[in-house]
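Have a look below at one chain only, the form predicted alone, in structure tokens format.
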Amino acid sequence: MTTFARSPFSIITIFACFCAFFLITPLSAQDKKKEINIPPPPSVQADVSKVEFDAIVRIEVEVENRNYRVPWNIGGLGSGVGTGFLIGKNRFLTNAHVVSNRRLIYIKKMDRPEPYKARVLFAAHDCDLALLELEDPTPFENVKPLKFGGTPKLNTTVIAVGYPIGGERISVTRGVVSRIDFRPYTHSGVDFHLTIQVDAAINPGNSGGPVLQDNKVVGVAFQGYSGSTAQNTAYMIPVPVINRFLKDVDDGVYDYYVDMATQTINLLNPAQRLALGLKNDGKGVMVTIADKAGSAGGVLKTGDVLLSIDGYDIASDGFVTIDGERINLNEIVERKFVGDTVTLKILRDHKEQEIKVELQRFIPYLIQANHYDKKPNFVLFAGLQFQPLDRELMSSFGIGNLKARYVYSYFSREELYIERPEPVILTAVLPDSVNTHLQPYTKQIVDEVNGKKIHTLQDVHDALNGDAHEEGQENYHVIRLLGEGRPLVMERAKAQAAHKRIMNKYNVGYDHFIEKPLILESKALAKAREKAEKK
């Protein structure tokens, strides 16, 4: 199954295919010179004699980890080291994971002991890149920025430069390019982009550092396997992904990657093609789902056959041919930005037509993503702790409730967000006489509070702190959990009186922190919910 969405259940797998040509007759010496592109020898590829090493910096970060189990408390403090490099006037490129959850950031030059305070301008967690600037750029006024090259070829030599394993002095390692592929980016946990695999020694601390070839940057080191999983396998973010990030932030805002959020299946079976009215010409894939909150929601329908995208014919295995290279059709979308359009030629009801789709970010899949640079959202009331369902919550509390796991796993695929944009979990009960015997209710999804349907965490706060009540239950708080027959009940007056007592007892500084869910900003979702309510 091919898909335009980036979620663990809608995985983009884009493979670059290389053709081998068998020559029937020998070429002349002049023809060989024209046809064969022989890369320079490794010694030339690995030459760094013209690289300004002062432009490659050590990044020291003090971080604040979040505590989902006790969300009102500051999590543990820590520190880390990464690498970055100067790419323009007071602009340093590094990985987003190097500076995530930061409290303080310092940059150090190779030849200077003192640190320089820096700040984050943009952090793109979906492609693991960040742009920093110094508060005082004076120390780098005479340093030349590194220049970017292109995408290196297979089996060519590259050099990784950085500060691995927290070393104080710069490190240089050499390896070869062994694969160019689309792979998951572990920082977000859900995004897939173009990635280059190398066998150079890239270790913790190398993250964010440049990978060089012919004195130019061809990638940013960012992830790898541990020795127990694979040997000599590390990855770098290639220049096309870097250029897209830098172009995106040109206007002062990072808009993230866009998605069609459309799933398709290959059309290789002759009988299936005949039933759809297709010729046996090896073209076309069929739409199975066009997500209602996605760019193509309401535009594409299940059963539509995609024949071409932006003028490129779509093969029946979901690939298009660009510049002689076969790549998955999703690569066309990967190159676009928010507000751009793609032109699709489709077959609907045995008739060809052309449609345009305006591309937007697809937000529902983020429920399964790693999140950074924000405080945990929660509501605490009379010892009952409520929190939005997401990846870190599932991990922190080890939630095994089947209803909760279903909503988490199929939130995007089954479009569960239309009814429940921000699922809320009763995660814990701080013991008190007012809430005795309520512990078994934890780790379940909250369905209703005082007769009010719960769509977001804000609904929980409003229902518990207002006059809302179930009919005939004015003196009680009644909380109903999804799939749980017995309601959770507390006396309203006693719960209110106990609230402050519990906060003092457990040293709770504030009883709620609520941010507007990002998913509510989706215009496509708003339309989908409006249609669902009319039905």
Partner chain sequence: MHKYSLTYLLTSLLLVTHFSPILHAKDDKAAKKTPKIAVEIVPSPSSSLVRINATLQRYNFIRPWEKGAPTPRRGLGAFITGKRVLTTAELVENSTYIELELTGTGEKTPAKIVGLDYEANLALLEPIDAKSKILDKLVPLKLDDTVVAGDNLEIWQVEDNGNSVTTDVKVLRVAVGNYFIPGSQLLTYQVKGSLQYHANSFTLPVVKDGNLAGLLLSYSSKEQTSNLLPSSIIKHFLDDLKDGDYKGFPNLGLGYAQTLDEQLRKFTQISDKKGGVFVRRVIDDSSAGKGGVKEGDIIMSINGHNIDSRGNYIDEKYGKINFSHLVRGSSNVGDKVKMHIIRDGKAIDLEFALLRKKPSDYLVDPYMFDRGPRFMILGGLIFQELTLPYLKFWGDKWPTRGPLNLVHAQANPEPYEKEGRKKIVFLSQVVKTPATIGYEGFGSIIITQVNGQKINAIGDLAEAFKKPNAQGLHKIEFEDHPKVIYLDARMALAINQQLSKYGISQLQNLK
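Positions refer to the first chain, counted from 1. Remember, it's a predicted structure, so these values are computed and weren't measured experimentally.
From this point on, the text means the form predicted together with the partner chain, which you will not see here.
**Student:** Only one of 387, 328, 264, 213 gets a heavy atom within 4.5 Å of the partner chain in the predicted complex. Which one?
**Tutor:** Residue within 4.5 Å of the partner: 264.
**Student:** Scan 372, 397, 441, 312 and let me know which has any heavy atom within 4.5 Å of the partner chain in the predicted complex.
**Tutor:** It is 441 that has a heavy atom within 4.5 Å of the partner.
**Student:** Since only the chain is shown here, I'm wondering whether residue 437 would be in contact with the partner chain in the predicted complex (any heavy atom pair within 4.5 Å).
**Tutor:** Answer yes; at least one heavy atom of residue 437 falls within 4.5 Å of the partner chain in the predicted complex.
**Student:** Would residue 62 count as touching the partner chain in the predicted complex under a 4.5 Å heavy atom rule?
**Tutor:** Contact check for residue 62: no, nothing within 4.5 Å of the partner chain in the predicted complex.
**Student:** Using a 4.5 Å heavy atom cut-off, state whether residue 406 contacts the partner chain in the predicted complex.
**Tutor:** It does: once the partner chain is placed as it appears in the predicted complex, residue 406 has a heavy atom within 4.5 Å of it.
**Student:** So in the predicted complex, is the partner chain close enough to residue 476 to count as touching (4.5 Å, heavy atoms)?
**Tutor:** Judged by the heavy-atom cut-off of 4.5 Å, residue 476 is in contact with the partner chain in the predicted complex.
**Student:** If we take heavy atoms and a 4.5 Å cut-off, which stretch out of 78 to 86, 269 to 277, 175 to 183, 195 to 203 is in contact with the partner chain in the predicted complex?
**Tutor:** Going by heavy atoms within 4.5 Å, the stretch is 269 to 277.
**Student:** Taking 237, 459 and 520 together, does each of them reach the partner chain in the predicted complex with some heavy atom inside 4.5 Å?
**Tutor:** Zero of three within 4.5 Å in the predicted complex.
**Student:** Which of the residues spanning 458 to 497 lie within 4.5 Å of the partner chain in the predicted complex, based on heavy atoms?
**Tutor:** Sequence-ordered list: 470, 473, 476, 478, 480, 484, 485, 486, 487, 489, 490, 491, 494.
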